[in-house]
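Next up: just one chain, as structure tokens, the form predicted alone.
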């Protein structure tokens, strides 16, 4: 075996064994004295040009990388189940049982200010949607549940939501404050993307988790 082939095999082994791109200087130190490193690297690159992995240059470093055309075939998608935060679960339950509800009405039932992110999570999950605006000062936006909400929790309709007796038996019935304001009529929604105009108070302690996957409808209200 010639010195050139030996150096080529050594470079190949070094690059395969390294988790990070290898500097040209380090490769040169491992090769036989007088070896043409540039020529060796170009030769090795041509050998792997049509293989599943390619030799690529990163600045003055070299590394083997997956062939670009194969990257989509190697991608693995995995659904990660995440639980909703307590605030999100309570908000979803309040909307389900009292819809259509405005943000202020939800806050009055919960007794605490509602973080903007909580409704955003439920909206992005496809479980709640705008239902129109109250014909009251400020015309606040109202929210209701969607068909996706029914599908998520295995319900044929809102009539299938557990009643007061069932919630008490399951220990899920929590005391709630009565609505402080008078609920006015609702106008037709202008679309799910219409911006909400009400002011809100952000609470630092409310930090809802990212929605997704299956969730349990606990902490429902009567």
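Numbering follows the first chain given and starts at 1. These figures come from a predicted structure and were not determined experimentally.
Keep in mind the form predicted together with a further copy of the same chain is missing from the figure; the text below concerns it.
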Q. Does residue 42 reach a further copy of the same chain in the model of the complex, with heavy atoms at most 4.5 Å apart?
A. no
Q | Heavy atom of residue 65 within 4.5 Å of a further copy of the same chain in the model of the complex | A | yes
Q: Would you check, heavy atoms only and a 4.5 Å threshold, whether residue 46 touches a further copy of the same chain in the model of the complex?
A: no
(Q) Under a 4.5 Å heavy atom criterion, is residue 60 part of the interface with a further copy of the same chain in the model of the complex? (A) no
Q) Even though the chain is shown alone, can you say which residues of 45-63 have a heavy atom within 4.5 Å of a further copy of the same chain in the model of the complex? A) 47, 48, 50, 51, 52, 53
